[in-house]
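Consider the single chain below, provided in structure tokens and representing the form predicted alone.
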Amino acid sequence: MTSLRVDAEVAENRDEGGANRRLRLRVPDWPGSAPGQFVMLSPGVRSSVERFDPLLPRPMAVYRVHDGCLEVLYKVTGRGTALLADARSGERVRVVGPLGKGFPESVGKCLLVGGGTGIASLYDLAARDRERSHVLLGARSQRDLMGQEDFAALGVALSIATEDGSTGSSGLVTALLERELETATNATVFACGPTPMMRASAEIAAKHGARCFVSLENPMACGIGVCQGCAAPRANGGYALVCRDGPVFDANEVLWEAMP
């Protein structure tokens, strides 16, 4: 799949509550992307004067293409994302992508487990097979939850867990996964979110004999395998580069106890 390097026009940069944001970009000649791929975005808008602080782009999962715009969900967590949050309609953001390897096709029931901004990697996956997908979304509270209405509009089975019980089930989203796998047969787990959540999902899937794929979220600087800053330890030795070899991996390939 061809990757682009373009300055995309901001169509909307919407506050979704708390630190949550939704960025909609008009990307000329967007080639499409596979579920689980990502883009690298400049930390803030492009201008006639080049900014070098902060220097590095930010990796963001492709959420979906909707109404002719590429959508990205993100949280304001530092200076780069704060600058990105200041982007206004009509301004331009540098986009490089789509990048990486996405989620594979599967058979049987698909259990999609998302935590925090990790849910952004799962929307296109759910849309790819609505009949077989059951989406499990987790967050600390209702205020932190992202994408609930979008997934509901897909018509997929949807379950929610919040740690404070403010919406859905009270507790961790992995408890929902455990419950589903107790009765599911021929299920595949797809997970993205904080590393402890993905590790727990992998362990629960293994206990129930289900295959599990995870989309790792290691920090990265280039997105194309040059800087080697996103190395992840392999279970069989050595390291993989998340940007080039992933971000999607079979959970059995990851040496979880050595993950940062």
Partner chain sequence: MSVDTRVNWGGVALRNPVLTASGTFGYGMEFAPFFDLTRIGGIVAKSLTLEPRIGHPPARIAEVPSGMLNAIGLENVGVDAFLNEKLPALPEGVTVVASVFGTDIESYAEVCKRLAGSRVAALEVNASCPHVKSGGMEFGQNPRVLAELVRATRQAASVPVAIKLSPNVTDIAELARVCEGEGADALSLINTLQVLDVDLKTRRPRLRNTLGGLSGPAILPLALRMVWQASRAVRIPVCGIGGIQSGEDAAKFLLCGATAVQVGTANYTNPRAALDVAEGLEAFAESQGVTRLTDLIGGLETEPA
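Note that the structure is predicted; figures quoted are calculated from it, not measured. Residue numbers count along the first chain shown, from 1.
Same protein, other form: the form predicted together with the partner chain, not shown, and the subject of what follows.
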| item | value |
| --- | --- |
| Proximity to the partner chain in the predicted complex, single hit among Pro54, Gly68, Gly32, Gly209 (heavy atom within 4.5 Å) | Pro54 |
| Contacting member of Val96, Ala184, Ala87, Leu172, with respect to the partner chain in the predicted complex [4.5 Å, heavy atom] | Val96 |
| Segment that reaches the partner chain in the predicted complex - one of 226-234, 209-217, 191-199, 22-30, heavy atoms within 4.5 Å | 226-234 |
| Distance check, Ala221 to the partner chain in the predicted complex, heavy atom within 4.5 Å | yes |
| Touches the partner chain in the predicted complex: Leu255 (any heavy atom, 4.5 Å) | no |
| All of Gly17, Arg132 and Leu176 within 4.5 Å of the partner chain in the predicted complex, heavy atom check | no |
| Residues of stretch 234-248 in contact with the partner chain in the predicted complex (4.5 Å, non-hydrogen atom) | Gly238, Tyr239 |
